[in-house]
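Take a look at this single chain in structure tokens; it is the form predicted alone.
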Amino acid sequence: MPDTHANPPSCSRATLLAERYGAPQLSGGPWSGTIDTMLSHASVRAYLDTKLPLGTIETLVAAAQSAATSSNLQVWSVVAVEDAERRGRLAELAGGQRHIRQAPLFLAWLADLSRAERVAGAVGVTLEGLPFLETFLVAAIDAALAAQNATVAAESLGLGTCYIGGLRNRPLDVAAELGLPPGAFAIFGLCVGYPDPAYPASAKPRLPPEAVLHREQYDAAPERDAVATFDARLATFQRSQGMAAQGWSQLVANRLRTPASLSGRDRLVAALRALGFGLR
């Protein structure tokens, strides 16, 4: 039987939706405990120094491997980092993010074409399709799908998580730290651990559904009003968190204004080629 019920046990549907969008939302559709977990997601940046239960990594990997994978190629891998010193070095490579040091587990998710090349080489086949952008995209998408499965699984167990895109700031150094072979690239990292209750994480509001949901064909007509509404909602959230009220439009403009604002990731194509990806 599907895990559905009219009244989620942990928090009401109305409350979860209101927190996710920064304002009350109507939803009369189906619901489940899994959706409870997904809507409750918040990036956790403060962790207790508590070890994870034995077998946690294996459970999360099993959940990750249950995600869809294009053509069953399974062109992703994950490096589980528990060593405190290595986590500290990765924290610095990712821009000095201290929660990488705090979390007892750091998962580096890889677009990994190296395994496919080794497998094909073992049967005497040269993979001429490896150096194409499509193949890299398949690996990157597979890794993201797997990681999100693991994230939902972790949060369903009461663990906190935080994605770390900063691994792409210095990809060659990250590859050296993780001992990656040519054809493997750390797409992002994921902190996993028990949230520190002294620093509770709040669900960050998202764009109103009308800004992202298109029916039958793309229609940008509702976007202007939806974005203006969201600018105000996000500013309210930012003030509630003791942050400077910036609004979403300005955030997007600042993040993508110049190549320098990409924190080194403007050189990613050159780095990927140096790591063995053709990207034709």
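Position 1 is the first residue in the sequence shown; the rest follow in order. Just so it is clear, the model here is predicted, and its values are computed rather than measured.
There is another form of this protein, the form predicted in complex with a further copy of the same chain, and it is not shown here; the text below is about that form.
Undergrad: Does A245 reach a further copy of the same chain in the predicted bound form, with heavy atoms at most 4.5 Å apart?
TA: Heavy-atom contact with a further copy of the same chain at 4.5 Å: absent for A245.
Undergrad: Does S202 make contact with a further copy of the same chain in the predicted bound form, using a 4.5 Å heavy atom cut-off?
TA: Contact check for S202: no, nothing within 4.5 Å of a further copy of the same chain in the predicted bound form.
Undergrad: Is there a non-hydrogen atom of F230 within 4.5 angstroms of a non-hydrogen atom of a further copy of the same chain in the predicted bound form?
TA: F230: contacts a further copy of the same chain in the predicted bound form.
Undergrad: So in the predicted bound form, does any heavy atom of E177 sit within 4.5 Å of a further copy of the same chain?
TA: Judged by the heavy-atom cut-off of 4.5 Å, E177 is in contact with a further copy of the same chain in the predicted bound form.
Undergrad: Taking heavy atoms and a 4.5 Å limit, what residues of 214-233 are near a further copy of the same chain in the predicted bound form?
TA: Counting only heavy atoms within 4.5 Å of a further copy of the same chain in the predicted bound form, the contacting residues of 214-233 are H214, R215, E216, Q217, Y218, A220, E223, V227, F230.
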